[in-house]
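Only one chain is shown below, in structure tokens, and it's the form predicted on its own.
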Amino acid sequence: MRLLTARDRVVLGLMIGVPALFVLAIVWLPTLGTILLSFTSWNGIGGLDRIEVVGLRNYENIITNYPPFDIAVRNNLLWLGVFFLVATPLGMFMAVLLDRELRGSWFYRSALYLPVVLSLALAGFIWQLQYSRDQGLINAVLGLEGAERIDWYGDPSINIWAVLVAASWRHVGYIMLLYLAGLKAVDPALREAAQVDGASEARTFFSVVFPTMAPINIVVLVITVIESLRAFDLVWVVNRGRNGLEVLGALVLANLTGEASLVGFGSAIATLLIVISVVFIVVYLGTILREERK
């Protein structure tokens, strides 16, 4: 620091201070405000003097007297399970196939990644065309007529699975791109050595290539968890997260912007979501730090 001129110190202070202020204003202050509001009862109307401190009452009501919360937790866990067991392995499998530089691989790569760059409104419109009870493509392909037609979005026993298919459609392309970048970075000499030792393609991938992509695997794991916790957009487009499509993100917005405008109650749900997210973040950072120490 002694070697820096006054001008250098000002520039260095601006480079560190300005981003820090943005993070403080956009991330930490709203987060702290949400946590504080979770201990209050407020409908968002009037001044701050109308805020009533209620302690842990909001949390007690969420756990004991709010049935949508249990459904939302179950749906978020289901979301995580489908992404982790189906969509992510499928994206990795597609990346392995496309890494072989098959004829027309650029087309398949673009087709798989296309859902990721589509706007939410367009993605929702595309799947509405597939799932529509009266004019949808799926019912037409299945040959269902009249009362036999399935209301994919309206039936609460199956609509979460219909939305998960649409969500996985986007997730597969994202994971495929990440793993494809990771496969390109793997040293070809490792594969050649495994083949010389007589290892099969599957054995080479799982014993040599996959462990080499450990940083990519951690990133994919974190993204999968985050995408599952922040599940919101598709269910909100379909029916505002009701009738079987409850997720934690939709419950937060429904309580904050609903007719009752339960700001304190919605903030309590958001705080629980923050706590769950922090657990995964701590696990992620702990893993990264252990990898760096090796």
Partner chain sequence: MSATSHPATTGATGTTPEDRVPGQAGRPPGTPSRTARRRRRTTPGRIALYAFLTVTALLWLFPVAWAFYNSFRDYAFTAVNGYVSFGGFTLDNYVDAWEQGDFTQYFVNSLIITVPAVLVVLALSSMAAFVLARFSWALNIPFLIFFTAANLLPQQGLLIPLFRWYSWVGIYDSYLAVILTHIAFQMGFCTFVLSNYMKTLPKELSEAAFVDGAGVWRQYWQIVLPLCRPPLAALGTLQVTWVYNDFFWAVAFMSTGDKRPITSALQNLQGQFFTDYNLLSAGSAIVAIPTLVVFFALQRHFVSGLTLGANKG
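Positions refer to the first chain, counted from 1. Given the structure is predicted, the values throughout are model-derived calculations rather than measurements.
Only in words, not in the display: the form predicted in complex with its partner chain, which the text now covers.
For the three residues 59, 85 and 163, a heavy atom within 4.5 Å of its partner chain turns up in the predicted bound form in no case. When its partner chain is considered in the predicted bound form, residue 4 lines it closely, a heavy atom lying within 4.5 Å. Heavy atoms of residue 209 never reach within 4.5 Å of its partner chain in the predicted bound form, leaving it off the interface.
Proximity of residue 200 to its partner chain in the predicted bound form: non-hydrogen atoms within 4.5 Å are absent; the residue sits far from the partner. For residue 121, a non-hydrogen atom is located within 4.5 Å of its partner chain in the predicted bound form, even though that partner is not displayed. Proximity to its partner chain in the predicted bound form, defined as a heavy atom within 4.5 Å, holds among 78, 221, 97, 144 only for 97.
Within 4.5 angstroms of its partner chain in the predicted bound form, the stretch 188-214 places a non-hydrogen atom from 195 alone.
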